[in-house]
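The chain below stands alone and is given as structure tokens, in the form predicted on its own.
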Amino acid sequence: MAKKNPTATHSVANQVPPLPERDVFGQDTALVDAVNRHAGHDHVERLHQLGTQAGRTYWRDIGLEANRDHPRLHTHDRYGHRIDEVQFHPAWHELMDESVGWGLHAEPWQREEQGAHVARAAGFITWTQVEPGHMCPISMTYAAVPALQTDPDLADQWVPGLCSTEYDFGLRDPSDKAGLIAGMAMTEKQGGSDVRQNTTVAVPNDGGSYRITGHKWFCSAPMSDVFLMLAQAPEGLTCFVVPRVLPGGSRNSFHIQRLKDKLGNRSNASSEVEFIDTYGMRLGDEGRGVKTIVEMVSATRLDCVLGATGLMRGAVSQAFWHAQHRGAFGSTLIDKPLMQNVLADLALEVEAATALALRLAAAVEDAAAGDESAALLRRIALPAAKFWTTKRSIAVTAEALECLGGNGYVEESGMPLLYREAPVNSVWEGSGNVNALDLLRAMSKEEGTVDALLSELGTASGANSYYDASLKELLNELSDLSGLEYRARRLSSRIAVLLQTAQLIKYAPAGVADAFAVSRLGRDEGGQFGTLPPGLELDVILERAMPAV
């Protein structure tokens, strides 16, 4: 009989197994419902295929690997020539190849299929849960297309390559590449979001091109093939198209000074760039740069909402899985009333964010088809949604991490990656104040936006007393415009939560909508999770959010 090892302290027990391979899209009931609602059933099967890929252990490991080995800048070759190249880990290229292959970057702009943009939004939420950093160039490529379409000649030159589903990395003549990726560079060190302070100068050449000289403080994915950027032309701030490689194969003047050492988003390279007589083509009229690039900003803001939603969903799925399999004080965590309260509260936040995100994607789709009311709704609702959802994702990922205790604080769990990533969506494309002020700008300067908002909110009135009372408070607030800038954040939050509630009232089970309304509109618990009042249908909420594996 073997003797027990006297130095053995314990056996491994009560450790939660890793999430098994699963369909990340299919297990997300709220997301599936929203796709069926706004895009139609024809897109669902392909999204199930993407969700199955996203749920593979292989891709989970690839995502972690891309964040362990960060991009490296090589400014010069061994002989002293400037090359300004960034080297990525092979895992990054695998992720990019997969995302581009699924058309998450720009394919919907060339697919004349109803619901393509909504399906792409659902795919963005799903694939973000694999690895969020590489979704930055995916988003910028998607956003560049509508801006380029304002100039037919430039669109003909660049859009087909950007919409290709072939990922073709490397600095070569764009006409020789199977597919292209786009980036953007707007902000400068002295101005940030106040791009009117930009000092980069564009001097016109004969033939319609410009020579651009100056710097950009943030330029993400600098190995992209083409960039949209702002510079001061003779008639004022103007938008330009700047390729990394010129026709014929010579490299444009594009000096990468350094890579940013960031809190998160570490798989992606963000850089500072200097331009010296850099070749660029004007996009839009001189002096109308902000107006020209606004379509790109709107699209990337939508992706901030989608990305934040994906981060929340990924974190909450892990919290649910942990609670289902971790024993404590005589039963599993999922059976503890207080943990049920926390998980249900988190699930409500994710479901509301999902419903609003897909509604906004549907508005993009309809606006692209010429629906003016959809364009007005997108204009006013998007800055509010971006303001609110990206901030809530920081709180949700933190609370979900805490559900795992110390195990959630270690890198192997994947939760620190999600937590570090969450703040990028709140600062990218304008911080909270910038988006709150943009909401006010839309309300005050763009006729029809307020009517579009109230029309959307009015579709849910009469079904919930908390919602009706809060909608009445909003109307009262809008009737008094004094000190509106001081109240801009409160107004943005109220509008975003009302839009979320309206979606749940119309489309979610009554138990979900009622719980969200009473907890978000009827009470003030200081933003804490796990404070749902008694008497709610927690079983309905929990069942919809539980990972179906």
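Numbers follow the displayed sequence, beginning with 1. Computed from a prediction, not measured in an experiment: that's the story for all the values here.
A second form of this protein, the form predicted together with a small molecule, is not displayed here; the remarks below concern that form.
Within this chain, G414 is remote from the site of the small molecule in the model of the complex, having no heavy atom within 4.5 Å. Not displayed here, the small molecule is kept clear of V118 by more than 4.5 Å at the level of heavy atoms in the model of the complex. The small molecule in the model of the complex is not approached by D438, whose heavy atoms all lie more than 4.5 angstroms from it. Proximity of H89 to the small molecule in the model of the complex: non-hydrogen atoms within 4.5 Å are absent; the residue sits far from the partner. Think of it this way: in the model of the complex, the small molecule has a heavy atom of just one of N433, S209, T213, Q149 within 4.5 Å, and the residue is N433. Proximity to the small molecule in the model of the complex, defined as a heavy atom within 4.5 Å, singles out one entry of L360, A352, I181, M184, which is M184. Contact annotation: the small molecule lies within 4.5 Å of heavy atoms from the stretch 185-193 in the model of the complex, the single such stretch among 231-239, 108-116, 447-455, 185-193.
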